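Quick heads-up: it's one chain on its own, the form predicted on its own, in structure tokens.
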């Protein structure tokens, strides 16, 4: 009878064992064997492929980035999941919030990568991250009004260094000053700018007009205010004598400005702040920030997963222990730190270990979000495995060695998880 049962069990297990052997055991064995051969697969290379992993700069960058991923991404996702799980227990709309936070898990890595490639666009008009960043920056820092504006050689202005411009001759009270500029894009002209006004003299004061010396369709006269030319509203003008600013003015909507008599005999200075390039945000996908940016997209996806598991563990905590701590005088932070977190330790370990195994294999997000020019800086082992194993310059020996390294990195984490599960079962 026992033999019959064993035979029946073997029959039922056989298909699963065949699939396990064909899809797991055989590929692992073949990868280990292939890692000891050269590029062509015909010559024995010994440990050369493994030596290359730890001497090639590109692969070393991938190893370092993987270490950053393993430490940072699971920790952040688990911490956020813990915070969300605890806070949503205390609000009436907690279920709706959990649904919103968990929703990114329904999106594939490919789709999430495309979404965040757009989020991290450098242009603030397209990238959400830089749109917010530039908006906050411009709230506290004054932005330039006329980037790339400049005078022509025939204009009474010349470069003063550092991006500023200065009049070629001192100005005099009663004699209008002309400050014509070109190179102002239509989008940079204020909406409330008005047609420029011919400068008028005023006794005891320096008057003038700053305007865009350009007529659409041509036909304008340089250094003359034509009917269709607009004033440069907001342009800051400084009167400088002996290296000291003696008076300042700001151009009105029609470009006109007035300086007191103290400006008589001074040079008119247009500070570089008038022409500074507008703040364009942060280069999220540059060599420095590309890895943190991709990790941010991963946390956005997986924080919901951590939250759901931790919330399930939280629901099973004995409430009498939490209430007893409060009765003993513990505040909410002490209850959280000394009671809730220790009781949730097994659940937190499951979440953390699961995410660690997951990030060791991260590929999709890095491949899609990181532009080609910085993929070497954002490189991870799974991506390097792909790059080494496919393409015109493929080296299957190195690719197989990387896959074996990944396996060796995952095995200790898996053993830790299995040991913890057995310990919990006992």
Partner chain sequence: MGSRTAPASPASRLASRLAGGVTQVFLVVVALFWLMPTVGLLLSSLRSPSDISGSGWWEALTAPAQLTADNYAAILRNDTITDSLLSTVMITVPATVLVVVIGSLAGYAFAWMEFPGRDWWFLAVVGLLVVPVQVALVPVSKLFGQVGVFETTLGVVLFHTAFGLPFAIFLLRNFFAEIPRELLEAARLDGAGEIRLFARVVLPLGGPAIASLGIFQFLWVWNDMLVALIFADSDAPPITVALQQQVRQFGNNIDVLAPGAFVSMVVPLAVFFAFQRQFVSGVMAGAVK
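Here, rigid core means the biggest group of C-alpha atoms that superpose within 1.5 Å across both forms. On a predicted model such as this, the values are computed, not experimentally measured, just so you know. Numbering follows the first chain given and starts at 1.
As for the form predicted together with its partner chain, it is not shown, yet the points below apply to it.
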>> To verify the annotation, which of these, 45, 70, 382, 53, has a non-hydrogen atom within 4.5 Å of its partner chain in the model of the complex?
In response: 382
> If you check 101, 193, 246, 282 against its partner chain in the model of the complex, which one has a heavy atom within 4.5 Å?
Replying inline: 101
> Residues in which of 164 to 172, 113 to 121, 267 to 275, 253 to 261 have heavy atoms within 4.5 Å of its partner chain in the model of the complex?
Replying inline: 113 to 121
> Looking in the model of the complex, any heavy atom of residue 364 within 4.5 Å of its partner chain?
Replying inline: yes
> Taking 4.5 angstroms as the cut-off for heavy atoms, does residue 336 touch its partner chain in the model of the complex?
Replying inline: no
>> With the partner left out here, check for me: in the model of the complex, does some heavy atom of residue 134 sit within 4.5 Å of its partner chain?
In response: no
>> With the partner left out here, check for me: in the model of the complex, does some heavy atom of residue 88 sit within 4.5 Å of its partner chain?
In response: yes
>> Just to make sure I understand: among 393 to 414, which residues lie within 4.5 Å of its partner chain in the model of the complex, judging by heavy atoms?
In response: 396, 403, 406, 407, 410, 413, 414
> Does the distance between the two CA positions of residue 407 reach 2 Å or more between the shown form and the other one, the core being superposed?
Replying inline: no
>> Superposing on the rigid core, I want to see if residue 328 changes position between the shown form and the other one - specifically a Cα shift of 2 Å or more.
In response: no
